[in-house]
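Below you'll find only one chain, the form predicted on its own, shown as structure tokens.
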Amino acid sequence: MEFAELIRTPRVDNVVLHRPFYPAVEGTLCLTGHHLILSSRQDNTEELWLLHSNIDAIDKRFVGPLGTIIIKCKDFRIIQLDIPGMEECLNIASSIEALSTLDSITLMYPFFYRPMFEVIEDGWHSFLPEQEFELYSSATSEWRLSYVNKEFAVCPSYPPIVIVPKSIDDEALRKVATFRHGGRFPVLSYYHKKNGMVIMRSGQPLTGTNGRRCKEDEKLINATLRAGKRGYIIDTRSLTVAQQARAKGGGFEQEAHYPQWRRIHKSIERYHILQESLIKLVEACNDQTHNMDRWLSKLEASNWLTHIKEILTTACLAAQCIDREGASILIHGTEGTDSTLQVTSLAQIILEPRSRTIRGFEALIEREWLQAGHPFQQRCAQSAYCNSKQKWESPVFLLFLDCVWQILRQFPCSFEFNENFLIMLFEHAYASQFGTFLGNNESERCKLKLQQKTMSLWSWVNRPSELRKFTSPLFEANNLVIWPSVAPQSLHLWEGIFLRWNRSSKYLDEAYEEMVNIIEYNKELQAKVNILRRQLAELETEDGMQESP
């Protein structure tokens, strides 16, 4: 298929662009295979370059011969184009609709993008499982790399290489895979070097109504326990939902077969419930007519902050089991690709200082989201504005980033990255020139040959010129466990995401710049103090030598 077939009118003059925080500008609108471009050809006026894949929905309005297209973006921005001529307006609208809903992944922009920057590091090879395993292998010899899923035959949503207990062979893993949803047998998610406790994750056990069991599964998860120790299974579903899953062939671990494990149910919502919550929240944030009571009631009715609280509470529970109880844990919901990954990732941010650095957090995204099989292509297909909702769309990753922001806000000095880093990840998960978030799992990415045909997001982010934008000036390495508050008073609406197109951040940006300047000046003064102290110590030493006979 040629893009030209989808573009009915490639160019229109005298189009007026309205967008947040900029004056209206008149210019020429051009449509390419992947971008909507508006150029005014005036000095000091920024061009608009908008990826078609960032367009969530469009509305059309007509007043006489003038047509207006309202473009609603996946990053929650709303842009208005005033187009002279009804036919041109209809042609542009139908072209945008066709180009923003391409079925084939290989027609998307990452397959056509060619970087204008020098590639210093190949991001596709920055966070390989073998490298991550080396970090653990120095502390323990009880785990091994398994290549049982080398051809993605055992579990299509797992990577080719996983970390499992050394005492469990590959044949046993194959049997366990048939007992777990989607073949997602328990694998290592995190090893706590302080006490040797671990977080494992998996899909639900397929016990069904007959109480089916699997001896190899029991042996696998028991292999993570120390002598005389108990473990915890954290099920991210309510007991009612887990019991309902048994009728469909799923279920949960029976106490009789897992006597050393205590099961805890935590209810974390998923799928359309989260999507509806996001839609309500964005709608409330975009309505500027609310009085205080109505705004607060709409914010509460969205339940967004309630979902944040549920996820953070479960992550804190997981971290407490590891650090304070000295107990290993297994986490799963149904598939183990959504709420499970939210909890395992956030628990690591609480427990592991490396996860609070830029490269450590990138490694976490790779390991616990991309390689772990979170279906980005499905979950991020649409955002808060699209009307044609599919059952698999859900802001799971955005909720995770929001939870990270809540912790960052409470512990601003413990994170090497700033809020802009999290916003950038949100934007690229929904629309990007990079191939990192394409596909639903490693198997799909392998078939698409993303490593050979697209550029990794990390290749761009980890260049020094970009890293400076994402590095927090407040960062001071903190090797302690951090315990975020999940009290309602401690959780805030993430204005940097949900209100950034509704009110200017000019004064906040100026305050941030001033803070950076103060910190830099303080460092300069501290360096001068250190030099003067050294000089004083040298002078005192010289005086002491002269006074001695």
Partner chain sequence: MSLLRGLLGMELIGISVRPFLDFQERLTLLDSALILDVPLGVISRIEKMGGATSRGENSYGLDITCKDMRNLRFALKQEGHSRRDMFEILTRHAFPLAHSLPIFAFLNEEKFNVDGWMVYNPVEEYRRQGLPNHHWRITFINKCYELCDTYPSLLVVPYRASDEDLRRVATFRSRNRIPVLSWIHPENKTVIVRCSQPLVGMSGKRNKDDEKYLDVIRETNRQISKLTIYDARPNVNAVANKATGGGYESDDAYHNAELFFLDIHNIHVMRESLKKVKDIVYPNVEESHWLSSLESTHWLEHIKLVLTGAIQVADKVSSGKSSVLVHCSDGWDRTAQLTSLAMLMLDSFYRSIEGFEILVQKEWISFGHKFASRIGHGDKNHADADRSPIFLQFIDCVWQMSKQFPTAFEFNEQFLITILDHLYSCRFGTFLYNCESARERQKVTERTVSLWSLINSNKDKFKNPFYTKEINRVLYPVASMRHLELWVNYYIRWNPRIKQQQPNPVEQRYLELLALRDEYIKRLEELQLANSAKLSDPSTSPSSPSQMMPHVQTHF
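The term rigid core refers to the maximal set of C-alpha atoms that superpose within 1.5 Å between the two forms. Numbering follows the first chain given and starts at 1. Since the structure is predicted, the reported quantities are computational estimates derived from the model, not experimental observations.
In what follows, reference is made to the form predicted together with its partner chain, a form of this protein that is not presented.
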Its partner chain: the contacting residue among Leu317, Leu299, Ile78, Ile161 in the predicted bound form [heavy atom, 4.5 Å] | Leu299
Select from the listed residues Tyr232, Trp295, Phe111, Tyr136 the one whose heavy atoms reach within 4.5 Å of its partner chain in the predicted bound form.
-> Trp295
Taking Leu50, Asp323 and Ile358 as a possible spot, do all three reach its partner chain in the predicted bound form with a heavy atom inside 4.5 Å?
-> no
Hey, in the predicted bound form, does Pro412 get a heavy atom within 4.5 angstroms of its partner chain?
-> yes
Residue contact check: His492 to its partner chain in the predicted bound form, 4.5 Å heavy atom = yes
Evaluate Glu542 for contact with its partner chain in the predicted bound form, applying a 4.5 angstroms cut-off between non-hydrogen atoms, and reply yes or no.
-> yes
According to a 4.5 angstroms non-hydrogen atom cut-off, is Pro65 in contact with its partner chain in the predicted bound form?
-> no
Can you pick the stretch from 139-147, 299-307, 193-201, 86-94 whose heavy atoms fall within 4.5 Å of its partner chain in the predicted bound form?
-> 299-307
So which residues in 513-528, when you check its partner chain in the predicted bound form, have a heavy atom no farther than 4.5 Å from it?
-> Glu514, Met515, Asn517, Ile518, Ile519, Tyr521, Asn522, Leu525, Gln526, Lys528
Per-residue C-alpha change between the shown form and the other one, Asn14, threshold 2 Å, rigid core fit | no
Rigid core superposition, Ala24 Cα moves 2 angstroms or more between the shown form and the other one = no
Answer with closer or farther for the CA-CA spacing of Cys413 and Ala527 in the predicted bound form compared to the shown form; it moves by 3 Å or more.
-> farther
Any idea whether Cys413 and Gln526 get closer or farther by CA distance in the predicted bound form, knowing it moves 3 angstroms or more?
-> farther
